[in-house]
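Here we start with a single chain on its own, the form predicted alone, put down as structure tokens.
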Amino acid sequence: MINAAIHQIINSSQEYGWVMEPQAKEIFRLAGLPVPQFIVVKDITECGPAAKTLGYPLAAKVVSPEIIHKTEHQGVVVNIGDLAGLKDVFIDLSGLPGFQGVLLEKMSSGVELILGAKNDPQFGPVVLLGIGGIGVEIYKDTAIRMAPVATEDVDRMISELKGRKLLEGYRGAPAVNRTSLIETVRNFSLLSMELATHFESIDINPLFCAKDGCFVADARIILRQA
């Protein structure tokens, strides 16, 4: 049974065919995934109070039902360090098609991972975990399992990744919080099962993982067509 709040978000997003990042992150939060605090500002006067609450440096992302792939429209700006820069970014993003606001959140750090699910017509939700970052499309370093996944399944998925040393601590870097990563993947797989009749694909890219835990940095849900 889908949480009533999640069901409402899905229904309200049907007109667009996908769930935008603020609403997708709210779904993930309700499902027990680690979502950092974020604020959506709709007017430039809201930038100062939001920045004071979140703290610098900030990441800013356009919120628009017309822009699914934000990077293709220069709809993502990172490492914003002061209010003047933030206001300039807001002005730039407000000129993009379908503008509804700017999502602000404090910059995350850690190993970049991708976590996703595809809704296979025959097998149902299939979960993918992989090493993200700039080489994701080149190396295609991923592991796949049918949902739902148990703790031992996630352990094996991590072990299958060629870049797993990045997670275990590489060249003196601290290892990521494996417990947090496993719990995040498990909860994500359970959510994909609950939403099985509603979605085509779910993407968290990137999922940042560090010694303190994992954080959903970007999120998108593509809905099934009626």
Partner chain sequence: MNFDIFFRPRTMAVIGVSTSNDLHPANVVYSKNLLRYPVKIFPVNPKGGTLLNQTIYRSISEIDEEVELAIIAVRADLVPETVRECVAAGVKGAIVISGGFAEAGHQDLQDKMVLAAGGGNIPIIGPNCLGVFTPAHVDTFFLPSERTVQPGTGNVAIVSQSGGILVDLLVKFADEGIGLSSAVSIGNKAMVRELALLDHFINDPLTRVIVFYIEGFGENEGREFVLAAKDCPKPIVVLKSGKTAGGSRAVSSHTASLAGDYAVFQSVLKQHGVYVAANEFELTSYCEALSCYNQPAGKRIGIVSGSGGHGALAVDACYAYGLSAEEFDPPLQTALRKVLSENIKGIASVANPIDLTGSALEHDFEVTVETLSKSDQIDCILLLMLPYLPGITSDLGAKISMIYRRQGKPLIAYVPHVEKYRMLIEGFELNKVPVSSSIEGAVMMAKALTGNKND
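Small disclaimer: the values here were computed from a predicted structure and weren't measured. Positions refer to the first chain, counted from 1.
FYI, the form predicted together with the partner chain isn't displayed, but the following is about it.
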May I ask you to check whether G95 falls inside a 4.5 Å heavy atom distance of the partner chain in the predicted complex? no
Given that the partner is absent here, does E160 sit within 4.5 Å of the partner chain in the predicted complex, heavy atoms only? yes
Classify K118 as contacting or not contacting the partner chain in the predicted complex by the rule of any non-hydrogen atom within 4.5 angstroms, answering yes or no. yes
Classify I80 as contacting or not contacting the partner chain in the predicted complex by the rule of any non-hydrogen atom within 4.5 angstroms, answering yes or no. no
Interface stretch in the predicted complex with the partner chain - options 102-110, 83-91, 67-75, 119-127, non-hydrogen atom within 4.5 Å: 119-127
All three of I6, L30 and V35 touching the partner chain in the predicted complex at 4.5 Å, heavy atom to heavy atom? no
Taking the partner chain in the predicted complex, which residues of 153-187 have any heavy atom within 4.5 Å of it? D153, R156, E160
